[in-house]
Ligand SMILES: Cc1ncc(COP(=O)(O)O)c(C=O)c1O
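What follows is a single chain, given as structure tokens, in the form predicted alone.
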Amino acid sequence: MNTRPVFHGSDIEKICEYYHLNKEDIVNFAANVNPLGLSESVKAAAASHLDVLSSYPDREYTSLRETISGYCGIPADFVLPGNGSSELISLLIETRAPKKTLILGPTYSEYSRELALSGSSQDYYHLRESDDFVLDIPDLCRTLENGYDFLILCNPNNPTSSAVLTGGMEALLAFCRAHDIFVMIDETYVEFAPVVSNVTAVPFTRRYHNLMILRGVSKFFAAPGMRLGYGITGNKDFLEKMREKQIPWSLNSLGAYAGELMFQDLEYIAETRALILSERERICRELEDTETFKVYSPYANFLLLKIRKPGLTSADVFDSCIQNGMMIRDCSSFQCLEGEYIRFCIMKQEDNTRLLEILKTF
């Protein structure tokens, strides 16, 4: 029996091998990476400063932390740079050593993997399709009363693209503080939100010490290969314990240098947001009139669609798209996501138009 494998958003090489396609001919709508690519000014500056690789990075990453401080509007001593958010997820879980964890799902599988390595028990709190995947905070709080000491959520969430806004987030953080529950918020996609200040929990790090926020440059700044992530917390004792466990110089010199430039590239940031916001609105508007798909209000640079046409599967839509040179995400591998769903990110206008044409044929 020839069973079609389930592919991750970064599995473009495996997909091309399976479908006998060339990687160069595929538009990757599954990786959620900024379609503008790496900033040209950052690219040029990094290329002309390769000599930084001949020196060890500053072990404290002082200049980088100061730059992130200005970018996020928090003190530099709240910031811990790392080798991508993956390293920081691992460090945070190892340092916190939770006993009983609740994960907001469906979501990124790396949280569960790291928790399994830590020995913590883990459960999922399922966002409900009947609520359009909008979090019911009072109901979540009632669930958290069942002995949980650690909560993980991605905001905006992957793959639903839904978000907890700041009013609800503060209520949740206050509840968790009162019940001695530490909260990890992955804000990988927050810079794509329509209004970032309505979603980010960064300002709360000044008042809530049961909180750490993780971010990176992989998606918004189109630099997944740089492996630059950073954590933000006002709990300086906890941050110092994480730093003690961290491998020295985990971020290389070139990554630290280029990272500083990225956060200060205001033209690139503005261009990215203009593209994503305008195209997201257009795509939603065009798909809302289709009977085949249900579209959920997106806060990230990707959309989740539920297939409503009887007999049509996510694998069917994936196959049609990939045969036309467009790779979307078949969401059948996500836990807590019952039914037929696809996810795709926002690319350049002409590519988005091609994808819309395919989706409208179903």
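A quick note: this is a predicted structure, and the numbers were derived from the prediction, not measured. For every residue, the number given is its place in the sequence shown, counted from 1.
One more form of this protein exists, namely the form predicted together with the ligand; it is left out here, but the text below deals with it.
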{"property": "Partner-contacting position among 232, 154, 151, 201 - heavy atom within 4.5 Å of the ligand in the predicted complex", "result": "154"}
{"property": "Contacting member of 112, 246, 86, 252, with respect to the ligand in the predicted complex [4.5 Å, heavy atom]", "result": "86"}
{"property": "Every residue of 189, 218 and 227 near the ligand in the predicted complex, heavy atom within 4.5 Å", "result": "yes"}
{"property": "Non-hydrogen atom contact residue 205 with the ligand in the predicted complex at 4.5 angstroms", "result": "no"}
{"property": "Partner contact for residue 161 in the predicted complex: the ligand, 4.5 angstroms, heavy atom", "result": "no"}
{"property": "Heavy atom of residue 257 within 4.5 Å of the ligand in the predicted complex", "result": "no"}
{"property": "Residue 108, heavy atom within 4.5 angstroms of the ligand in the predicted complex", "result": "yes"}
{"property": "Interface segment, criterion being heavy atoms within 4.5 Å of the ligand in the predicted complex, picked from 280-288, 218-226, 131-139, 205-213", "result": "218-226"}
